[in-house]
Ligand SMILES: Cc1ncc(COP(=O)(O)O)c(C=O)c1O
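Next comes just one chain, in structure tokens: the form predicted alone.
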């Protein structure tokens, strides 16, 4: 499904199981092409099997397709169409697995991401260019070369840019990104993007007057722990739409659905969806208005594991072969905790658990994790550590800084 076809389907109800199956079937040749983007992943039963066979001295990133499929299934009850946020983990194996599991639309933020999705799925995937600040060449190429007809803006200048580079065709949709009130989220995003309500209403009028279908989008913040934040944002979107007196073609509730990280008291996903459903009913969206969401973390976080090795121990400090310039970038935040497990190549009994400060392999003093790892007090050089729930923003954020790069990726299970 091209971006153009996806836009044309904005007014359709949710795809039926048969329609979804047909879409996946149409994409099969493109999915076969995906395997040529990178070498096939080696498959292991579990992390212990990875360590037993590989005895790795470099970081190993493990992806569980079964966990990805389970996460995709959980969004079948979302009251609309989920778009996977490619930036969260753009590995082709992740994208292909999610597609086969029913996530066939993608939130793209750059021309490179557009090309990635087109290169894997051809014209069988829907693409939504939701970055509110895009270059003219990127918009032009997305429209002319890839058929994308859905864009997001949060200022009048961006709306003018989109119209100028795409042409005011009747299948064009522009959503206005609305700034939301602060909520219980780890990363607040409205400080960078989002129009204030009065400005958003004026932008909706401008879009509508230009003969273009208009929508509203928002993002309550990444790792949002307050389901009610979605309801409040939907309510605000309803007020803005009423003030503008413009019929909405789309309401995009964004991302922010949390992962079950240690220390985060998260409500079940049904509470998030329930808040969204009740709020949507209250604002009485026009018939045919489609609801979108952009899950990233909630789809991939629990499906990734990083296996690292202890390079050196100095008292209660340990130095490992991956860090914040690699797949552990998010762990620089003091509230970011992940489950950890010591793995040894011998049968030594583990000591009592204690907290260790953890440093990465580079020479930069900022290469240190924000929260300690709780590990056996007799941990030593050569031991391995399994770090779970690393599927989000790990592969996409790693760098080559100082010559270190985590590039060994394997599959866990089938």
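Here the structure is a predicted model, which means the values were calculated and not measured. Positions refer to the first chain, counted from 1.
There is another form of this protein, the form predicted together with the ligand, and it is not shown here; the text below is about that form.
Only one of 159, 225, 139, 189 gets a heavy atom within 4.5 Å of the ligand in the predicted bound form. Which one? Of the candidates 159, 225, 139, 189, 189 is the one lying within 4.5 Å of the ligand in the predicted bound form.
Among the candidates 304, 82, 296, 215, the residue which, in the predicted bound form, approaches the ligand to within 4.5 Å (heavy atoms): So the residue touching the ligand in the predicted bound form, by this definition, is 296.
Pick the stretch from 251-259, 118-126, 309-317, 270-278 whose residues have a heavy atom within 4.5 Å of the ligand in the predicted bound form. Correct option: 251-259.
Would you check, heavy atoms only and a 4.5 Å threshold, whether residue 219 touches the ligand in the predicted bound form? Yes - in the predicted bound form, heavy atoms of residue 219 and the ligand come within 4.5 Å of each other.
Would residue 404 count as a contact of the ligand in the predicted bound form, using a 4.5 angstroms cut-off between non-hydrogen atoms? Because no heavy atom of residue 404 falls inside 4.5 Å of the ligand in the predicted bound form, the answer is no.
So, residue 87 and the ligand: in the predicted bound form, are they within 4.5 Å at any heavy atom pair? Residue 87: yes, in contact with the ligand in the predicted bound form.
Please determine whether residue 107 contacts the ligand in the predicted bound form, using a 4.5 Å cut-off between heavy atoms. Because a heavy atom of residue 107 falls inside 4.5 Å of the ligand in the predicted bound form, the answer is yes.
Going by heavy atoms, what in 387-414 lies within 4.5 angstroms of the ligand in the predicted bound form? The stretch 387-414, when checked against the ligand in the predicted bound form, contributes only 393 at the 4.5 Å heavy-atom cut-off.
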